[in-house]
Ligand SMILES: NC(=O)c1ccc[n+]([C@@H]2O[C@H](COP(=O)([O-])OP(=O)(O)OC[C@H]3O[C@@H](n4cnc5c(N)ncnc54)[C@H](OP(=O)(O)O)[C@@H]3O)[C@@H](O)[C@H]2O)c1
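Just one chain is shown here, as structure tokens, and it is the form predicted alone.
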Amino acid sequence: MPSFRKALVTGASSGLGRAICEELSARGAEVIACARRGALLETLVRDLEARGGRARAVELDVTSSAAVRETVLRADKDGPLDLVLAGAGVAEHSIQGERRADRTHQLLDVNLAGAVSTIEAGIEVLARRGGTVGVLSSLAGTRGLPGAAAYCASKAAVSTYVEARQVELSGHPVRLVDVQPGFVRTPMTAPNRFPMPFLMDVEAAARRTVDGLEAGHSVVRYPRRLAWPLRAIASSAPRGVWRRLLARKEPDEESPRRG
């Protein structure tokens, strides 16, 4: 498959989203980098241009469906897009204690509603001529994990949404790709204080992502050493067994707490 010519990426200011922009640019794509943090976007654009790439920064809050649609339509009008990637996402580190429901709604607004807005805007502009619409979900959407209820739910919902839309768009020229990374070394995972098996460098994850997008696979899961065992166990373990596998004993008062 040929490399992309022009790509719009949300969540581009840091982490895997930024690394994907760098990988796309290195492969010759013009990059429209979108995120809320304008200063970081401008730094990214300068870095890409210094390496000979073409890039533009657009400040965007994906929780505004109207703003997402307007941004995608405008970017396509300035020159046809052939990739729209919903990469914006937030983690769950602060969703504890009081007002948990409010924080969960905020996470879902970004990880689920924002992704859906980006997906549908991408489908709208690519429906006639074809192209690729991708979304960064996660292997965390495979089953519910303690300490990440909202995050797992958001990623599972996005994957289910994409699966249904893939069926609905069968025969259409738009390819929908669900990218499900495992643990990737980014600022989002840096605060984690639990084992992260097969933790990947962000550059390797970006290469896997873009390879899968270019190939047009319906689902891209990595690393395989984590993805397949996790799916096998998750699909076969009854809910009670799953709970026992993941149950964590609370430290007693005299034991040091990790934090």
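Note that residue numbering follows the sequence shown and begins at 1. Bear in mind that the values here come from a model prediction, so they are computed numbers and not experimental data.
Here the subject shifts to the form predicted together with the named molecule, a form of this protein not shown in this document.
Only one segment in the set 212-220, 22-30, 36-44, 49-57 has residues whose heavy atoms sit within 4.5 Å of the named molecule in the model of the complex; it is 36-44. Taking a 4.5 Å heavy atom cutoff to the named molecule in the model of the complex, the contact residue among A121, V184, L81, V133 is V184.
Taking a 4.5 Å heavy atom cutoff to the named molecule in the model of the complex, the contact residue among V116, V110, A75, A150 is V110. Proximity of D61 to the named molecule in the model of the complex: non-hydrogen atoms within 4.5 Å are present. When contacts are judged by a 4.5 Å heavy atom cut-off, V177 does not count as touching the named molecule in the model of the complex. Using a 4.5 angstroms threshold between heavy atoms, M188 counts as touching the named molecule in the model of the complex. The closest heavy atom approach of S159 to the named molecule in the model of the complex falls outside 4.5 Å. Contacts of stretch 5-21 with the named molecule in the model of the complex, defined by any heavy atom lying within 4.5 Å, are made by G11, A12, S13, S14, G15, L16, G17, listed in sequence order.
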